[in-house]
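Read the single chain below, which is given as structure tokens and is the form predicted alone.
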């Protein structure tokens, strides 16, 4: 019987070190209903470009500031777009029916108040703004020095029905690893959802070497149906 094969992306885990949640002049905040405490810079961009609508299983909706230093810093550091580019992008989403224009508020205080009372809301404010009533998300950035050695690996079960039908493929998972080395959360990024459930159940039992901070890894698991 062939066992699923665990493949490490790009010849190794794609690791993200949890860094200070404030980058420059801006910090990212979310409603308390959002389960995630950390978000990668790539996922943050995907959320605000409406390519992603959930974090750790929680539905999220982006919120913009109208103008100001925090808005300019957010556009530059996380979206890599100008204000005109962003507005043009949203207009295209509206025109094609693939998205909506996010709510826009005029100040840090308004953004914090709205995020605090609105389930799933995620926004940004200046680094000096009060974050009372909301949670501040740590931004994960790629780090080649954040290696986490896998100590204990549990192989996933290959569902008999899918195996008999030669249904396989690669499942991609995002794995949140605590500083102590236990797996805190697993999110399915791609692949067959049934195989994904099996893979996630196994990965939740994995144990990594202790690290200096919470990290995020992307893992691919191949279910070979042949």
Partner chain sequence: MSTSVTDKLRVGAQLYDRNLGQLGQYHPSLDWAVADYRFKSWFGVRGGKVKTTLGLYNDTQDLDFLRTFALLPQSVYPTDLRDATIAHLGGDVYGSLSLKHRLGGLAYTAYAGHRSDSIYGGVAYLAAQYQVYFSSYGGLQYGGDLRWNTPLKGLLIGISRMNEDVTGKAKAINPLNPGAGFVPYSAISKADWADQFYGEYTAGKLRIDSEYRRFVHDEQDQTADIVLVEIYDDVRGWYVSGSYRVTKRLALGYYYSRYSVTSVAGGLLAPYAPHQTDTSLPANHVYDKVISARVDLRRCWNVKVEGHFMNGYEYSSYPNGFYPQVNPQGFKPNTNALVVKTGFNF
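Residue numbers count along the first chain shown, from 1. Values in this document were obtained by computation on a predicted structure and should not be read as measured data. Think of the rigid core as the biggest set of C-alphas that the two forms share within 1.5 Å after superposition.
Missing here is the form predicted together with its partner chain; even so, the following discussion is about that form.
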Practice problem: Using heavy atoms only and a 4.5 Å cut-off, decide whether all three of 148, 153 and 204 touch its partner chain in the predicted bound form. | Solution: no
Partner contact check in the predicted bound form: of 185-193, 26-34, 50-58, 156-164, the stretch with a heavy atom within 4.5 Å of its partner chain is 50-58
In the predicted bound form, is there a heavy atom of its partner chain that lies within 4.5 Å of any heavy atom of residue 132, even though the partner is absent here?
no
Although the partner isn't part of this model, could you tell me whether residue 46 comes within 4.5 Å of its partner chain in the predicted bound form, counting any heavy atom of the residue?
yes
Task: Residue contact check: residue 104 to its partner chain in the predicted bound form, 4.5 Å heavy atom - done: no
Is residue 98 near its partner chain? Define near as a heavy atom within 4.5 Å, in the predicted bound form.
yes
Taking its partner chain in the predicted bound form and a 4.5 Å non-hydrogen atom cutoff, the residues of 77-114 making contact are 83, 84, 87, 88, 91, 92, 94, 95, 96, 97, 98, 99, 100
Once both forms sit on the same rigid core, is the C-alpha displacement of residue 174 at or above 2 Å between the shown form and the other one?
yes
Checked in the predicted bound form: CA of residue 118 to CA of residue 174 differs by 3 Å or more, atoms lying farther
